[in-house]
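Here you get one chain, nothing else, as structure tokens; it is the form predicted on its own.
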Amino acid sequence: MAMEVEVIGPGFAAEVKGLRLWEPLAADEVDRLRNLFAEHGVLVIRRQSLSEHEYADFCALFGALERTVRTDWASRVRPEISLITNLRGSNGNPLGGLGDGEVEWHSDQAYMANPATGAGLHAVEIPGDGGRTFWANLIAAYEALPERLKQAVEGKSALFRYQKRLDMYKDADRKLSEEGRKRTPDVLHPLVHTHPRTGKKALYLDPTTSIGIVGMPEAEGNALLGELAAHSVRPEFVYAHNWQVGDVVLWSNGFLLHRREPFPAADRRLMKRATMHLPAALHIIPDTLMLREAGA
């Protein structure tokens, strides 16, 4: 069956049909997928039954896989895969992270100096109700900014701190290894980036880890960050995904925010996540400004 592409949601996500990811892909199919990913930012591929190795090898077609700083969430089969789940082992300990509660709007790894901006989820078990994931397009959000906000963010950088996100988690998810803490010092990223393929500008935000704007008083900077975040998740910028078992969804954190709605604690949910270092020729890779360079 030939590959088919259908644009879904408000126009930036795309569903790709006709693929069997457990079989080797032809070179021209891989090239097309890479270009589609760069263009759309969210790719949806349904009805896939994959081993962790098959899933990881597919994601690695888009960029080098990274092992999560949350080693307690890592798969025992393939350490580049994280388990996002409310399931527990026979000893009662969580098998992964992020349980059943709401996960607020965020961008993965914005708190890191060299974020792996590519991400993927493979749905193994899904709840009967809730658990949808939403993505907000920060290119569309930037284009719709009033001129005063475009001027306000021009040349500005935000400070990101992972501890802010940890403080929002449930107790079991707040634990981080010493190695993980060393890998997540405070970092700075510009608030605006340009897509290498389209030349369009995009905001770069993460309400769960940003703690201020360089050169602005704390209250003023946080007020601006709050205004940008509220603007960026307006309905016209958002794609809502209703999960089905077997879904594989890829997204680029370079110009997207995402969140998850809660679901009943008694329902089972198991997602397997991969993170990839995407190529700068195809994707927005946030610049990092070291603290000493900013005088922070």
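Don't overthink the numbering: it's just position in the shown sequence, from 1. Predicted model, so just to flag it, every value in this text is computed and none were measured.
Another form, the form predicted together with N-oxalylglycine (OGA), is not on view; read the next lines as being about it.
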So which of L121, A141, V187, I126 gets a non-hydrogen atom within 4.5 Å of N-oxalylglycine (OGA) in the predicted bound form? L121
Answer key, N-oxalylglycine (OGA) contact in the predicted bound form at 4.5 Å (heavy atoms) among L98, L145, M112, L224: the residue is L98
Please state whether every one of the three residues A38, N137 and Y204 places a non-hydrogen atom within 4.5 angstroms of N-oxalylglycine (OGA) in the predicted bound form. no
Under a 4.5 Å heavy atom criterion, is S157 part of the interface with N-oxalylglycine (OGA) in the predicted bound form? no
4.5 Å heavy atom contact, T133 and N-oxalylglycine (OGA) in the predicted bound form: yes
Although the partner isn't part of this model, could you tell me whether H283 comes within 4.5 Å of N-oxalylglycine (OGA) in the predicted bound form, counting any heavy atom of the residue? no
Hey, in the predicted bound form, does H106 get a heavy atom within 4.5 angstroms of N-oxalylglycine (OGA)? yes
Of 59-67, 24-32, 224-232, 267-275, which is the one stretch near N-oxalylglycine (OGA) in the predicted bound form, taking non-hydrogen atoms within 4.5 angstroms as near? 267-275
With the partner left out here, which residues of 252-270 have a non-hydrogen atom within 4.5 Å of N-oxalylglycine (OGA) in the predicted bound form? H258, R260, R269
